[in-house]
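Below sits a lone chain in structure tokens, taken as the form predicted alone.
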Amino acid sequence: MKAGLQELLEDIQRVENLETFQSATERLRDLLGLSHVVYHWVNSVGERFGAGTYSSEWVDRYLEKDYLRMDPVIFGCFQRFTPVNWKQLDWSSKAAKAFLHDALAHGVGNQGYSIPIRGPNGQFALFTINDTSSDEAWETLIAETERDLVIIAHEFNKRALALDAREESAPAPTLSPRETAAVTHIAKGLSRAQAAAEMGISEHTLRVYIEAARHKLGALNTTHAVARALSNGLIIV
């Protein structure tokens, strides 16, 4: 499998259009023996782009029902910066349960794993694998492949960014060690109280560091600041 993944990475690096993006998702699906692989992104001006193996019937149904407005995977991943097992998301609402039932009826598997990715100009992308399997089998698959999946997800995103006509030309800002630590803790999902405790400072002081980082990064809010710090390689989570 490792040799196949390496070849796939090399193919992704040569992707030049939507057709070759599509081919790459199909190859990864077949290589891992999954039901589906999907890459979807929204660029800095709101244009959507996607490639994947969901059926055309499900894609049409998703658009028809405007599921984007309530999809638990989209909402669950948008505020996160680390990979998400779908079982960790909130499926408790009536709307979420109906959405899941509809998805399963259209060939979407009961297991999913999504990797949220941000670009330097506000792009948001999701790389998702999906299958029908037991919880135990799924957890084993993720444990064995998660590192490779993260690398592949970011290679997909690199190619999407390279093909996007709008690139950030301004040099990346620099953050102080304290600003870097504050933003890193928030990116890892810690609350402000937890982040302050980890750094041995007050919440007020933590807010000062976060606000300073936000202004340096030209971010609209804390989530945007974390995304920009990640995309510019200023922090690693």
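It should be emphasised that the depicted structure is a prediction, and the values quoted were computed from it without experimental measurement. Rigid core (definition): largest C-alpha set, two forms, superposition within 1.5 Å. Note that residue numbering begins at 1 and tracks the sequence as displayed.
Keep in mind that the form predicted together with the DNA is missing from the display, and what follows is about it.
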| property | result |
| --- | --- |
| Contact of Tyr209 with the DNA in the predicted bound form (heavy atom, 4.5 Å) | yes |
| Proximity of Asp30 to the DNA in the predicted bound form, heavy atoms at 4.5 Å | no |
| Contact of Ser55 with the DNA in the predicted bound form (heavy atom, 4.5 Å) | no |
| Partner contact for Arg69 in the predicted bound form: the DNA, 4.5 angstroms, heavy atom | no |
| In the predicted bound form, the one of His40, Lys188, Arg61, Arg192 near the DNA [non-hydrogen atom within 4.5 angstroms] | Arg192 |
| Contact at Pro177, Ile201 and Lys216 by the DNA in the predicted bound form, all three, heavy atom at most 4.5 Å | yes |
| Cα displacement of Leu34 between the shown form and the other one reaching 2 Å, rigid core superposed | no |
| Large Cα move at His204 between the shown form and the other one, threshold 2 Å, rigid core | yes |
| Rigid core fit then Leu68 CA moved by 2 Å or more between the shown form and the other one | no |
